[in-house]
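Given next, in structure tokens, is a single chain: the form predicted alone.
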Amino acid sequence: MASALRSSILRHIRVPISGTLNLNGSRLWTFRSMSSHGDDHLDKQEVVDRVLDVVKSFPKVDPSKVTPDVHFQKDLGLDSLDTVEIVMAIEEEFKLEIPDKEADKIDSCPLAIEYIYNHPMSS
């Protein structure tokens, strides 16, 4: 009976099961929250590392010059088209779309890191 009830419920909801808990001989299911914040949100250091990796892998960039404080044009000598390409690569890395008005403002690693870290859908 419990198995049929469980199957019936799971057909109608889509919540990943993260494990089970036994309490007084009863088997209880625990669920993982699917919110875009909380434990699913990216750690700041992970964002920094991934943004720096994207910038370092850009063909016109000397990886030794890339730091968390680097400006794309002033410090790396990139032009505006290169900056657009880096922002597009960051979008791809974090699986999100940055609106053009926001993307135009991202011209350095600190701005890219802050935007990604604060974006609820970055992954």
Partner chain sequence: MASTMKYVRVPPNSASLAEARQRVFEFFKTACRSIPSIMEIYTLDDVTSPSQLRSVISSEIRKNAHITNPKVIDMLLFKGTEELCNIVEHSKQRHHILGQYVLNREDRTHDIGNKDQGASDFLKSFYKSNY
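No experiment lies behind these values; they were computed from the predicted model shown. Residue numbers count along the first chain shown, from 1.
The same protein has a further form, the form predicted in complex with the partner chain, not shown here; the description that follows concerns it.
Enquirer: Please check if Lys74 has a heavy atom lying within 4.5 Å of any heavy atom of the partner chain in the predicted bound form.
Expert: No, no contact at 4.5 Å.
Enquirer: Going by a heavy atom distance of 4.5 Å, is Thr67 a contact of the partner chain in the predicted bound form?
Expert: The answer is no: Thr67 has no heavy atom within 4.5 Å of the partner chain.
Enquirer: In the predicted bound form, is there a heavy atom of the partner chain that lies within 4.5 Å of any heavy atom of Leu52, even though the partner is absent here?
Expert: Looking in the predicted bound form, residue contacts with the partner chain do not include Leu52, since no heavy atom lies within 4.5 Å.
Enquirer: Any of the heavy atoms of Lys60 lying within 4.5 Å of the partner chain in the predicted bound form?
Expert: Contact with the partner chain, yes.
Enquirer: If you look in the predicted bound form, which residues in 96 to 123 sit within 4.5 Å of the partner chain (heavy atoms)?
Expert: Glu97, Ile98, Asp100, Ala103, Asp104 sit within 4.5 Å of the partner.
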